[in-house]
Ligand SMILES: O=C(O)[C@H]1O[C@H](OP(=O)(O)OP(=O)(O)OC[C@H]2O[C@@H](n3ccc(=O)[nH]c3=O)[C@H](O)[C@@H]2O)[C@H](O)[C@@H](O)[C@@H]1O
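One chain comes next, on its own, written as structure tokens: the form predicted on its own.
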């Protein structure tokens, strides 16, 4: 079996864990479930409201991993089964969140509740029952860079200390309260602080993950095809939707913001290493003679991104246009992009950070991990999937006369 290929940090066969994965049916959860089923002996209690993205793992029941994944249709806001499922597991991974920028302005209360209030019971149950927690946060907790407040012609803007984001030293700088775009970042930062406090005061064993724009197949939704027609997904899905419909890509405020992008398969490898470190901690607790340092597994916050894949949003649009033309065989538009204001695109109250470049020192030191996939290659993989999956459905939707069912 494929699972035999995985060993722990001491080179020994991996012992099976039971993992309670909250948000297993989403983009990250679906890829993590695939990896766990294919390459480890672990069992997954998959919790989510929807399971569309993991149906291929749940059916047919003859699959070799069929007895290792159980889907539980749960909304963690109000389900009494949550604590029992966490108690059944060795490790809880919390992926549940509202994490679409368009929602931060239009649904700030839902955003705050989803990312802070709804996460409170998860942290509480893990802490009270002595269960380990891997909690997914966001690179948005950093907010704006120090460099963004310097004069535009200041040479200090080029100094890494003013824009490279470090888990243990970079400040979290947000916009004013009326800029409701920061409702997500503030809620995520506060739950991080609560988790850290539970670790300090009550001994909660945890890892916090800060993803920096993980992208790949099954990310987000295509409006009107596999999501609401009025919805606005994140940047890669927005641009994919425009390309599939042969529409100009909309550049918010000129597309000047800079971002880094990492392939989902690279990022999942980092998460597997974190799970492995929690296995080491379990072994350490069971056997005090273990030579492995448990501090590598506990109490860390990890940036997970690819600083080598840094581009402006405008450059991303240009590259995606070129890649999509290659994978689809369609010519590029005469006018491939248009500029649009953030107020027009997102509504009043939107604000943004200038750069999000992750420092990789801690994750490289603790896990020995580095990302591998170039931006071109990850875009080619993702857009090939998008074209194969959605192109025909969009053509049919466009061809359908208005008012017909």
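Only a predicted model underlies this, so the values are computations on that prediction, with no experimental measurement involved. Positions refer to the first chain, counted from 1.
Although it is not shown, the form predicted together with the named molecule is what the next lines describe.
Placing the named molecule by C-alpha superposition of the site, using its position in the model of the complex, leaves the pocket open: no ligand atom lies within 2.4 Å of backbone or C-beta atoms here. Contact annotation for the candidate site: 146, 302 and 363 all lie away from the named molecule in the model of the complex (no heavy atom within 4.5 Å).
A heavy atom within 4.5 Å of the named molecule in the model of the complex is found for one listed residue only; from 251, 327, 272, 112, this is 251.
Interface residue among 243, 222, 165, 235 relative to the named molecule in the model of the complex, by the heavy atom within 4.5 Å criterion: 235. In the model of the complex, at least one heavy atom of residue 313 sits within 4.5 Å of a heavy atom of the named molecule. Among residues of the shown chain, residue 157 is not one whose heavy atoms approach the named molecule to within 4.5 Å in the model of the complex. When the named molecule is considered in the model of the complex, residue 356 lines it closely, a heavy atom lying within 4.5 Å. At a distance threshold of 4.5 angstroms between non-hydrogen atoms, residue 132 is out of contact with the named molecule in the model of the complex. Of the stretches 157 to 165, 192 to 200, 137 to 145, 123 to 131, only 137 to 145 has residues with a heavy atom within 4.5 Å of the named molecule in the model of the complex. Of the residues in 327 to 346, those that come within 4.5 Å of the named molecule in the model of the complex through at least one heavy atom are, in sequence order, 345, 346.
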